[in-house]
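As structure tokens, one chain now follows by itself in the form predicted on its own.
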């Protein structure tokens, strides 16, 4: 096909970014804002040899799974790719995504596929939000979310997946910036002061955190902002984050505390956590509990085991595991998160856990080289919850050398998960169980937890 050529296609699948996929005379086309089951008319906007991109001009026959999005900005905003899809179909799509990636990338079949853990309420579930702050063409201040694949800010009064209190927080910060003539950040020129607004909410405690990310170290009239934000019930922590780098990375390393102790608290089950602005903490507390309970079920702990928890963050999974294990070692690269993890262990009176600061792919092999005969080097269970890129081969190699009977792999990207499972299966392990967990309703994201067992293990 050629650019500007018209087409009519049936959308048969969706990419991991949320674009519909259909074929015109066998030629694959990727089309935004479409749904599985839509029959559409469109125009080719980019044509390559083996595939192309199209723009929908008309829905000829809507999908039976198409629903009206709650959010009026759902189509423009890059956050909710699936809000026009019925939630039951979202879950089916995510299960199929996991299954296809495991089979196609990893060659993984023959495992027990447990039903995906869906949400009872797939809206207003996020406990963390990051709002970019930019200058509008008319001189006003834009606060919202990025449009898909751009840094254009889409303003919206209400985000339907974030906690409702963010409406009041954003309104308060916007009015403060306008009244005090404080400039928003300009990416092109690296000028202006306020880059982002970070919020966190403790769903079980009601505690609220607000952190302004600055292209500088000082916020004019900061005491006024503190006073205004403290009027919001539950406000517990107000701080500044310094990020003067010319980068797309949101957070810098330095925190300047303005109010409170620098953290909020929340609970998952009966475990209490202190969360600072730089800490990683799962964004969906209800589903996080279900995910961790599934990981704990797969770990099958009896109280006698030694466990490694790699990429442990502020110790969320580690502390769950420690209540059922003899000894837990947690590894995390972010020093602030390790400090939080140690505080959280003390907060919960859990003494059988040790946290190690460092990259998992470096710290674990080093520990094994120095202590090859210790109990810690011969764990019964290893739990990994890596970033989207998955585990480095050097880490997987060390895990195989440590020879745990069971490995529990928690993943936010089933493609890199499939790659790593393929490597583990080629080195003496088999995949026994797989369960999806919908942590990110209305989006294409899905968490997966897998149980691997060493061949010849118990």
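Numbering follows the first chain given and starts at 1. Given the structure is predicted, the values throughout are model-derived calculations rather than measurements.
One more form of this protein should be noted, the form predicted in complex with S-adenosyl-L-homocysteine, which is absent from this view; the next part is about it.
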| query | finding |
| --- | --- |
| Listed range touching S-adenosyl-L-homocysteine, judged in the predicted complex by heavy atoms within 4.5 Å, from 83-91, 106-114, 218-226, 384-392 | 384-392 |
| Partner-contacting position among 282, 76, 265, 152 - heavy atom within 4.5 Å of S-adenosyl-L-homocysteine in the predicted complex | 282 |
| One residue of 317, 341, 210, 328 in contact with S-adenosyl-L-homocysteine, assessed in the predicted complex (non-hydrogen atom, 4.5 angstroms) | 317 |
| Contact of residue 311 with S-adenosyl-L-homocysteine in the predicted complex (heavy atom, 4.5 Å) | yes |
| Residue 334: touches S-adenosyl-L-homocysteine in the predicted complex, heavy atom cutoff 4.5 angstroms | yes |
| Residue 98, heavy atom within 4.5 angstroms of S-adenosyl-L-homocysteine in the predicted complex | no |
| Interface membership of residue 361, S-adenosyl-L-homocysteine in the predicted complex, 4.5 Å heavy atom rule | yes |
| Sequence-ordered residues of 285-303 touching S-adenosyl-L-homocysteine in the predicted complex, heavy atom within 4.5 Å | 292 |
